[in-house]
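Below, in structure tokens: the form predicted alone, a single chain.
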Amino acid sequence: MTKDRTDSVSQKTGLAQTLSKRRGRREFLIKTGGMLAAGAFGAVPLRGWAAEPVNIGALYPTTGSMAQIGVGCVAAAKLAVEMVNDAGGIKSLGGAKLNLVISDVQSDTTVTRTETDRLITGNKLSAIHGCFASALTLIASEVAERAKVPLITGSSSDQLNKGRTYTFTPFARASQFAQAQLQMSKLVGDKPKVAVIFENTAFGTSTSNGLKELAPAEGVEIVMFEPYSAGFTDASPLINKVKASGANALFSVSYLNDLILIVRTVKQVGLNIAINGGSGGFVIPDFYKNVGKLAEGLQGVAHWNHDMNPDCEKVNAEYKKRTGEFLFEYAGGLVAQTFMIADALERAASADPQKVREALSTLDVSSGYAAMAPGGKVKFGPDGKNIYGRPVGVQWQNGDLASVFPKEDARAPLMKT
């Protein structure tokens, strides 16, 4: 297998072509279906020869505190499955279509455990994708591991790559996000003095600890390192501490609602400081909707962005047409994950989850929708981590997220603020 082999599911077909095939195929079958059924298959109905669908589990919070992201992920998951199916399905399985089995984990860890178990025991699944939030994904992956069903996720927690054999993480890890943020701080000053504030969750603590550990080697001084309770209602005490610290850059490791409050409070107290919002809530359209022009020039990091390459731009255009918003980090990464699963099914020529797991472990793509990752390559190591995985630095510019870092991934110049 070569690194640049064409993705067997989608590479030879552009997004516009795959999404337009359905009508032409339907019209063709209407006109010729009777003739084909009578001439080639005798009295047997044509649909009786359809390959059995392949079930893919989807674990996302579409209610609760994380619903803004979860709803977008489900929309992306449906789009991705439609793309695979319109391109001919899994050809090695007789053109079998993907069937998405969605479960709402309700932004709750307890519900995530029960729903993952219910999803696996109640359905014949070949693979699962989900959940994006580290606290939820860690639990879902435990259940999937015990059931021997492969799970592929956009979660960034480094813990997911420890002691697991059925969990695959094709994008950057939390520690890599931290390093990228530290390096980006030098874009706005030669001697960065950084205040780090972070929510006390798996996502917040893992990312912030990475910042603390890597800062000395990157020549960055951390002058404040402060946790806070996720979901707080008053950011003033925290931001006043930042102001008193003498920091010239602020790293906030937060999900959407907390980050909105933090940015607004920074402006309210008149603190002139460069902000890198990391990942999480910073890189989704709802952030800009809530803070408007306060977002302009703010930086962050992501494991996926919609301007990375032409394939990303094509998928983004279709998603935007359907939802009215750009394809954000977790949703865009999910489209790529769906094509990674489809690639594994194609090569395994089987819907058996253990055979799909083996095929995922040898995934090696450098073109097409399955390779939509920073750097354009995905290959899993023994720990299920993409050996080429790295984040991309982004910046809010004119209401959109532009890739600005590192140089080889930049699609727009850094906007000075």
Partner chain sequence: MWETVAQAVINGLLIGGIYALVSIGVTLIFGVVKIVNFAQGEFVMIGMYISFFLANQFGVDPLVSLVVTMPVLFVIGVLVQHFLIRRVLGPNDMPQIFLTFALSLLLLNLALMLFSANYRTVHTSYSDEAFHLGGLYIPVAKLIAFVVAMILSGALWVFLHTTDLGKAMRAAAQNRDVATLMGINPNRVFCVALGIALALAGAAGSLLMPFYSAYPFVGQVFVLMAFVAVVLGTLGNVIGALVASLMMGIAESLGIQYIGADSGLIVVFAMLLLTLAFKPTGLGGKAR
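Numbering follows the first chain given and starts at 1. Since the structure is predicted, the reported quantities are computational estimates derived from the model, not experimental observations. Take the two forms, superpose them, and find the largest set of C-alpha atoms that agree within 1.5 Å; that set is the rigid core.
There is another form of this protein, the form predicted in complex with the partner chain, and it is not shown here; the text below is about that form.
- Contact with the partner chain in the predicted complex, judged by any heavy atom within 4.5 Å, is made by just one of Ser361, Ser65, Asn55, Ser366: Ser65.
- Leu294 is the sole member of Val74, Val188, Leu294, Leu100 with a non-hydrogen atom within 4.5 Å of the partner chain in the predicted complex.
- With a 4.5 Å cutoff on heavy atoms, Ser229 counts as touching the partner chain in the predicted complex.
- For the chain shown alone, Pro310 is not a contact residue for the partner chain in the predicted complex, no non-hydrogen atom being within 4.5 angstroms.
- The partner chain in the predicted complex is approached by Val269, whose closest heavy atom lies within 4.5 angstroms of it.
- Mapping the unseen interface onto this chain, Arg113 falls outside it, with no heavy atom inside 4.5 Å of the partner chain in the predicted complex.
- Listed stretches are 145-153, 257-265, 338-346, 296-304; the contact stretch with the partner chain in the predicted complex is 257-265, by a heavy atom cutoff of 4.5 Å.
- Residues of 232-246 placing a heavy atom within 4.5 Å of the partner chain in the predicted complex, in sequence order: Phe232, Thr233, Asp234, Ser236, Pro237, Leu238, Asn240, Lys241, Lys243.
- With the core held fixed between the shown form and the other one, Pro227 has its Cα displaced by at least 2 Å.
- Superposition on the rigid core between the shown form and the other one places the CA atom of Ser245 2 Å or more away from its counterpart.
- In the core-superposed comparison between the shown form and the other one, the C-alpha atom of Gln179 has shifted by less than 2 angstroms.
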